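Here you get one chain, nothing else, as C-alpha cells; it is the form predicted on its own.
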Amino acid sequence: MSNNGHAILLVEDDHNDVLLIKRAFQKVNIANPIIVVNDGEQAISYLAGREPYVERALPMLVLLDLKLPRKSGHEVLEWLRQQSTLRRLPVVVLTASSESSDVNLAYDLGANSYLVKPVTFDSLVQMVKTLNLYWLILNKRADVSDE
C-alpha cells in the first residue's frame, strides 16, 4: 500500500459533478491525482484497502458528498473517525445541502470543513482555488499512518 499523500479522494455519486470538479481542478492547474468513488461503501472499501483497492494510495484529502447511495457521507465520516490509522485524514464535506442539521452532524462526526457546492462553474473554480491554497498548500497535515 502506498502512502505518498498526493492523491485526493473524491466521494461523489453524481457523474456531472465529478466532471465539473475535475474540470475545475484542471482549470486551477492542480496536478494531484483525483481518485473517484461513487458511493459510501466504495469510499470505505478504498480507505480500508479492501478489494479491489488493496494497492491504493492513501489520499492527502477526502472530498466527501453527503447524499450517497449505499452509505451516506455521514456514515463514511463516522466510520473514518473510528479508524485509529485514518482518523486524522482531512475530510472536506462538499455537498449540495446547506441544511443546518447536515452541517452540524458533519462537524459533530469530525469533518474538517463543510462546503456547499456552488451553482456556477466560475464559483466552483473560485472554491477550488481556495481549497487548493488552504488544504493542499498552506495546511500543515498531521501524520496519517496505515500501519
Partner chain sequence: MRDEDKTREQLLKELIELRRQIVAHSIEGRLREEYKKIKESEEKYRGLFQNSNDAIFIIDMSGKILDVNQKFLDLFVYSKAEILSARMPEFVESDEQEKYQAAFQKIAGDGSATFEIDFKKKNGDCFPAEVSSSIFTLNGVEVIQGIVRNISERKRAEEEFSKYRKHLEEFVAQRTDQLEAVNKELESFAYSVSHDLRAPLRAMEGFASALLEDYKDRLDAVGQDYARRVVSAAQHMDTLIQDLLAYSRLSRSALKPSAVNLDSVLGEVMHQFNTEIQKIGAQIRVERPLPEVMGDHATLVQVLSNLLSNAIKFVQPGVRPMVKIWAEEKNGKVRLWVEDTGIGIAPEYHDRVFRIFERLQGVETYPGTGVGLAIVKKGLERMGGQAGVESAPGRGSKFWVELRTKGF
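Positions refer to the first chain, counted from 1. Everything numeric here is computed off the predicted structure, so don't read it as measured data.
The following text describes the form predicted together with the partner chain, which does not appear among the structures shown.
Although the partner is absent here, I44 is not a contact residue: none of its heavy atoms lies within 4.5 angstroms of the partner chain in the model of the complex. In the model of the complex, the partner chain sits beyond 4.5 Å of every heavy atom of R50. At least one heavy atom of T120 is located within 4.5 Å of the partner chain in the model of the complex.
Shown alone here, L105 lies farther than 4.5 Å from the partner chain in the model of the complex, counting heavy atoms only. Distance criterion of 4.5 Å from any heavy atom to the partner chain in the model of the complex singles out A96 from the list A57, V92, V36, A96. The stretch in contact with the partner chain in the model of the complex, judged by heavy atoms within 4.5 Å, is 60-68, chosen from 36-44, 83-91, 105-113, 60-68. The partner is not shown here, but in the model of the complex the stretch 24-50 reaches within 4.5 angstroms of the partner chain through a heavy atom at K27 alone.
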